[in-house]
Ligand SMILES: Cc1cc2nc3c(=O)[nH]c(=O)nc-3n(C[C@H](O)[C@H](O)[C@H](O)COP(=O)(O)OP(=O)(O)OC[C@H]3O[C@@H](n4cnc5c(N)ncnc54)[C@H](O)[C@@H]3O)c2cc1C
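The chain below stands alone and is given as structure tokens, in the form predicted alone.
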Amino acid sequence: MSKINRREFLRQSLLATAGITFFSCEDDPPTEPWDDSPGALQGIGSPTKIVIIGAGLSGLVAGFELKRAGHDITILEARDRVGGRVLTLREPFSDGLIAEAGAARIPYNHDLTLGYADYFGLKIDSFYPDEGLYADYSGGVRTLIPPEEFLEDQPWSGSVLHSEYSKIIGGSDQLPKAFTESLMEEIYLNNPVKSIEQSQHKVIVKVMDNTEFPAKKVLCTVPIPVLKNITFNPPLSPEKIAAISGGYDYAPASRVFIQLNDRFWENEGLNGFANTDWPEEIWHPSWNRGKQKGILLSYLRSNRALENDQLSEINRIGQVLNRWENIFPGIQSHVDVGHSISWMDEKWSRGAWASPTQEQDELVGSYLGDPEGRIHFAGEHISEFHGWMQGALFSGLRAAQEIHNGNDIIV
């Protein structure tokens, strides 16, 4: 048996976990040349007209692999951009600085995310710096933590270590953009879907201007809270309807970004990262970019995010700066520009990631990925990796293989 390379090992192990079939090195070789992308579809599928709803990572990876397997792909996206909740902000910042509004960290064991980054030649760097002091502000006391101590701790219980997180240099959006390079002709932006009607032989997807897109199969990657905007005929299963009607929670998350005229915190030996008992995480996403200016961001979740969402943007920024005076004294005299984002307020997301209760997961979770006739489903909510790029990629590939193999129940 010949030795398999890292990409092949990752691809086989990930697809096996997802229940996706693949050829091993002991199998007869496929008819077409072997493709070394982490989720290359295997087997011979009948070329099929497929409409994919959503150009987030799950829709993009599915479209990417289905197109290369010979299928006719159309991707409909409600937003004016690709990526979904992978959103790298470049404005209103200057000096080429960027910050992540959405997906940012990649754990070391998210092999599918790292595998595609490697496949597209994207460069990876540590998420957290190994130099400079980290700060913690709890109980009214600021404590400075050396990097060797901080990096061997976890951002939350059950997480991997700080030292085991990485990021994509140049922004997380480099990954969806890489998929998009070969899908430029297939993606239709600013086209929210309003109805999906299926019969025994076809599916008709209608967008808001009443343009119709006929298909043999549909892949729907829309987040659960947004599915209520789409009329399905025939209706979806009772379990999916229950989830859409509020029976499947999504997590609130907000970020406030402050660009500073200079990295004044470095005068005290700080690296710009901190935690508070608000609770919040404070990141310095520009730590590895050799610029004079810098960006600090406040990452809030759950109830703190909801509280933050009730404020105007100027008050969000003001509240953050007042709090940060305890961590970075004098910060208000260095402010250049501020910005904020709330994922609960985002029209086409209505939440940062799927966060069902145990009861919700038991009642409807296992049904969300089931095909409904010619309609298939994907998204981070249909995976074990809620809130991660890994979940979107994993789910998109599972659905793509399902479609490629013709695994559906025709009504």
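Since the structure is predicted, the reported quantities are computational estimates derived from the model, not experimental observations. Residue numbers run from 1 along the displayed sequence.
Omitted here: the form predicted in complex with the named molecule. The next part is about that form.
Enquirer: Looking in the predicted complex, any heavy atom of residue 71 within 4.5 Å of the named molecule?
Expert: Residue 71 lies outside the contact set for the named molecule.
Enquirer: Can you tell me if residue 348 lies within 4.5 angstroms of the named molecule in the predicted complex, counting non-hydrogen atoms only?
Expert: Residue-level check for residue 348: yes, a contact with the named molecule.
Enquirer: Residue 280 versus the named molecule, in the predicted complex: is there a non-hydrogen atom within 4.5 Å?
Expert: Flag for residue 280 set to no.
Enquirer: Would residue 79 show up as a contact with the named molecule in the predicted complex if we use heavy atoms at 4.5 Å?
Expert: Residue-level check for residue 79: yes, a contact with the named molecule.
Enquirer: For the interface check, one of 303-311, 134-142, 238-246, 252-260 should have non-hydrogen atoms within 4.5 Å of the named molecule in the predicted complex; which one?
Expert: Stretch with heavy atoms near the partner: 252-260.
Enquirer: So, a 4.5 angstroms cut-off on heavy atom distances: do all three of 128, 272 and 298 pass it with respect to the named molecule in the predicted complex?
Expert: No: no residue has a heavy atom within 4.5 Å of the partner.
Enquirer: Using a 4.5 Å cut on heavy atoms, which of 115, 171, 83, 294 is close to the named molecule in the predicted complex?
Expert: Partner contact (heavy atom, 4.5 Å) among the options: 83.
Enquirer: Could you work out which of 331, 320, 187, 101 is the residue within 4.5 angstroms of the named molecule in the predicted complex, going by heavy atoms?
Expert: Result of the distance check: 101.
Enquirer: With the partner left out here, which residues of 186-223 have a non-hydrogen atom within 4.5 Å of the named molecule in the predicted complex?
Expert: Contacts from 186-223: 191, 192, 193, 221, 222, 223.
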